[in-house]
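Here we start with a single chain on its own, the form predicted alone, put down as structure tokens.
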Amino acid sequence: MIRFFVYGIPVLLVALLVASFVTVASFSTDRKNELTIGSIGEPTKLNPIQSAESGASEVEGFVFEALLQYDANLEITTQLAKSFTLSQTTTVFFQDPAAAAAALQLVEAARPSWSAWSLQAARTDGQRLLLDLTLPGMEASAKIFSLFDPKTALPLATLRVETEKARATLEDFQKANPDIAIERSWFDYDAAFEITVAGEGTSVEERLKKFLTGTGNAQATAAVSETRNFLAEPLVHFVLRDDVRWHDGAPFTSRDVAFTYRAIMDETVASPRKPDFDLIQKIETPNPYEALVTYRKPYSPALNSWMMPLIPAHILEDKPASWWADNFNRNPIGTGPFKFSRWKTNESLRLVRNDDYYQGPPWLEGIVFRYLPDPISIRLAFMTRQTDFWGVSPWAVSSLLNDSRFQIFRYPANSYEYVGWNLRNPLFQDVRVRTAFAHAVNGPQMIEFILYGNGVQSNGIFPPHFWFSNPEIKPIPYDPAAAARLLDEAGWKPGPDGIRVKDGKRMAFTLIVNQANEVRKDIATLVQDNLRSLGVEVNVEIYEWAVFISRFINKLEFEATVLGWSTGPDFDVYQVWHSSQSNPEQLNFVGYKNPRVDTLIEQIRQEYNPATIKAMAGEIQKLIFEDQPYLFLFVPNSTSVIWKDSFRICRPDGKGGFMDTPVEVTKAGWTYYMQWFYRPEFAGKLPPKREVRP
């Protein structure tokens, strides 16, 4: 036995070391021309119109595609669309055809101004004057309208009716009131409808209310929701690529565009993307390779919304959402450069090369996502070359900067971390309390000890490097004395045990955070400690991600939470901050409501002038920051690392050829050219190059 301990254990250790070396060497030798990514964010489903998780979107980006996309410089460009054009038809209603004809004469007399108005043509249709503009927006149409005598023009009223079985209700109302000319109609699921009529709308409102009362629907409501001088209806005309096929070989056509839209608007699908498409009046598909999208009013984020990946009509149409869950969401079919292969829950997800990809097959044979329990496991997997990519934890950045084995990419993240207060809770309804908490939490210390200096304090809903972010907004400074004064003013006074009390209620709440995110757990600990010094009792609870989202956030059953938003360079914040989006399963889960912010969010969606957009976005950011519905914490730096020279990029040069470069970081991130990645040792075994069609 002694001899075993003296000689046997060292020999065993050497044997294990040799075995490990052989295993690693064999792993390296047998490595395929593929990329392996470590992640703690396993998706729950792979369906881009239903999922809203970062773990799902990073996979979906390789499998599914959209009509439009951002290029490497974050400019909008085409993907499944070959081209797109914007235009607008503005319709003005008059008392009679003679008044419309007189208005047309005024427009013709102002022809020297047509170019400035982007006006291309004008014509009458009975009592309507139709103006064709080459650019959407309200400003030019308003200037043209100012030419007319408003007494001869008819206003337009939009009425909203909340009722059960909205489609059947409107049909019955039209049958009962055939004399009412409804110019436009739109349905919000089957729970509400909106109609637009020429005239003041009050008489139609009264007739609607009388009709609804007669149907016995006591819960139904009807009211004029908006009045306008004219209809301004933008049109986006997409011409689609004719060389795209779904992964099962079926052709991609305009049918898929129209179906994706209908699915998003389908109540049974419960898509969180619906607000991006609510302003669409109709989609027409005159042939398989054209799609015409008409909007009810100007909507400047329209092009951004068509970066929504599309789903296949030939598979999902006429199938219930339950069928999707069982047959598609874990076995997706897209048009992207990589195809779904297999998914082992809590272990890995594999994508393989799409050899039928319209731009030519990607160089990589596949992409593998390995799902690991925590950041330490991800680091170990990377350091032992079981994964090729590591989104570096802040604490590890400094140890890698001077290591010649690695290629490091660092840039400001398009994201921010925050503590969200559930504003339905009386404790958080006083802005003085929320501002006091912001003063009490030591932001600079958080950046120093949690991010190791790799970030900046947040000044609101937009990362500071976005072009429309408001640089005049300064983070709330760490000031415990100011925090104490604000709580005193709000009536929260220290109790016998040091915890503040008001009207017999202790200042205590539960802060929830998701498992496997060390940064957020550290945030929760520091918030707990900082607020305890102020006399606030914070109980921290940690939950697995799926439970955290489905049980607490989606159901609005929480008091406070640590979370973060990853955003694109998009100024439209309707889904997160508009008061209408504060219901269960929606993204304004903190319940923020500010009428002025609502108005600005609605107006900015109709604005196309960059200077005006910047001013309006800045005001939205300022108002929300002053209200402090979130405790805005920090914008981190994004640091990613790969093994040096493990990959290269051979991508189209835009001139019919290819250019070979090291992996490079772009404004859209270092993974932008992923379909053109390859391992240098496989340079002679790549698929044949073929010309990439624009």
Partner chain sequence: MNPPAQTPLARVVSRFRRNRIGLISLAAIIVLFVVAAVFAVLSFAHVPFPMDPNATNLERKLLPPNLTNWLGTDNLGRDLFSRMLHGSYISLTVGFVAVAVSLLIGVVVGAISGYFGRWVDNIIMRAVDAIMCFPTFFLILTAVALLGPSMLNIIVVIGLVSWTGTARLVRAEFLTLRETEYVRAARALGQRTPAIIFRHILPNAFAPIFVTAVLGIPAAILTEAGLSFLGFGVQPPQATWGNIISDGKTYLLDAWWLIVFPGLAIFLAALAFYLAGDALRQAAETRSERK
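Note that the rigid core is defined as the largest set of C-alphas that superpose within 1.5 Å between two forms. For clarity, every value in this text was computed on a predicted model and none was experimentally measured. Residue numbers count along the first chain shown, from 1.
Same protein, other form: the form predicted together with the partner chain, not shown, and the subject of what follows.
**Student:** Of the residues Phe468, Trp114, Trp395, Phe84, which one places a heavy atom within 4.5 Å of the partner chain in the model of the complex?
**Tutor:** Comparing distances to the partner chain in the model of the complex, the residue within 4.5 Å is Trp395.
**Student:** If the cut-off is 4.5 angstroms on heavy atoms, which of these, Arg485, Arg207, Arg296, Lys521, is the one near the partner chain in the model of the complex?
**Tutor:** The residue in contact is Lys521.
**Student:** So in the model of the complex, is the partner chain close enough to Thr599 to count as touching (4.5 Å, heavy atoms)?
**Tutor:** Result no; Thr599 lies far from the partner chain in the model of the complex.
**Student:** With the partner left out of view, is Ser580 within 4.5 angstroms of the partner chain in the model of the complex by any non-hydrogen atom?
**Tutor:** Ser580: no contact with the partner chain in the model of the complex.
**Student:** Should Ile76 be counted as a contact of the partner chain in the model of the complex, where contact means heavy atoms within 4.5 Å?
**Tutor:** Ile76 lies outside the contact set for the partner chain.
**Student:** Within a 4.5 Å heavy atom cut-off, is Gln603 in contact with the partner chain in the model of the complex?
**Tutor:** No, Gln603 is distant from the partner.
**Student:** Partner absent here, but in the model of the complex, which of 197-205, 476-484, 526-534, 213-221 has residues with a heavy atom within 4.5 Å of the partner chain?
**Tutor:** Checking each option against the 4.5 Å cut-off leaves 526-534.
**Student:** Are there residues in 398-437 with a heavy atom within 4.5 Å of the partner chain in the model of the complex, and which are they, in order?
**Tutor:** Stretch hits: a single one, Ser399.
**Student:** Would you tell me if Gly443 moves between the shown form and the other one by 2 Å or more at its C-alpha, with the rigid core held superposed?
**Tutor:** After core superposition, the C-alpha of Gly443 moves 2 Å or more between the shown form and the other one.
**Student:** State yes or no: after fitting on the rigid core, is the Cα displacement of Phe145 between the shown form and the other one at least 2 Å?
**Tutor:** Moves: no, less than 2 Å.
**Student:** Honestly, after the rigid core fit, is Ala313 moving at least 2 Å at Cα between the shown form and the other one?
**Tutor:** Superposed on the core, Ala313 moves its C-alpha less than 2 Å between the shown form and the other one.
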